[in-house]
Ligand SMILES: C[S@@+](CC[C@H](N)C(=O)[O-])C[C@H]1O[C@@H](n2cnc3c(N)ncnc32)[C@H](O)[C@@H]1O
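Below, in structure tokens: the form predicted alone, a single chain.
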Amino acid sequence: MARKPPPGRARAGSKPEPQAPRTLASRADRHDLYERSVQDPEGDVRTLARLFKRLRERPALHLREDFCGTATLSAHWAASASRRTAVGVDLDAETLAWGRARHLAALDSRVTLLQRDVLEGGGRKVDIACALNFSYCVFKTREQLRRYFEVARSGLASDGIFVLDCFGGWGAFRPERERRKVDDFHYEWERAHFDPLTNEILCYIHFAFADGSRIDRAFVYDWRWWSVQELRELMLEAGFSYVHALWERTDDDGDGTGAYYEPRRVENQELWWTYVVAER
């Protein structure tokens, strides 16, 4: 009687079964895709430094990046000038570890990453604290968000500023999937659901590749949308002395120029995105 080959070993003379080729999606790294498609750390560094200099007439040195994720902004901030330091705060250990390995090897101790809830604060007093990419929208009640603003304010130097970005417009809440090409993949931003009674909004990020493979729901955002006026009111309630609601200037084609001003009134648009800046 012929003996069976051991498990996992082919019979002598037989050809091994061909393995299915790995897809582009299976080889991709979702953190890398996110950084390449969503973030602009060089632009954010320039904007934050410019906003601080405009309000305080001195250069900013120390940054805290709340909800920092992979901490690419913190790393770019510290790398942009030899005296600059950054503290990044986030709950997710895996994401922080990825960012530490990718971005911080050459920055010595000028970037500190803290795995903790942003409501715990921590780190040195900073010139600028920020919560970008609408990350503060994880707080769904006024009490939660006001408490976060109180913590953010307590971590600022006496002349520090706190910076958020915000979005809106009549097209920002309809179910829709926006798609754009980024290098060798497509980035998809899906607004899946908006509840006008609670202002809760559910969004996803997907990635699609040339071989037809996909990473669906690579990132999930279960948020409450906050208006500019709500943000302003809560910041003042949290103790900030003044809040600037900024608006981006546009060129003749309607594209943003990267320059911001402080209007009394603005016309609503289909989609808008801008900054709210609070002075301690």
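Residue positions are given as counts along the sequence shown, with the first one as 1. Fair warning: this is a prediction, and the values are worked out from it, not measured in the lab.
In what follows, reference is made to the form predicted together with the ligand, a form of this protein that is not presented.
In the predicted bound form, the ligand sits beyond 4.5 Å of every heavy atom of residue 213. Mapping the unseen interface onto this chain, residue 247 falls outside it, with no heavy atom inside 4.5 Å of the ligand in the predicted bound form. In the predicted bound form, residue 240 stays away from the ligand, with no heavy atom inside 4.5 Å. Although the partner is absent from this view, residue 116 contacts the ligand in the predicted bound form, with a non-hydrogen atom inside 4.5 angstroms. Only one listed stretch (54-62, 248-256, 224-232, 34-42) carries heavy atoms within 4.5 Å of the ligand in the predicted bound form, and that stretch is 34-42. For the options 144, 112, 154, 133, the residue carrying a heavy atom within 4.5 angstroms of the ligand in the predicted bound form is 133. Contacts between 134-157 and the ligand, taken as any heavy atom within 4.5 Å in the predicted bound form, involve 135, 138, 139.
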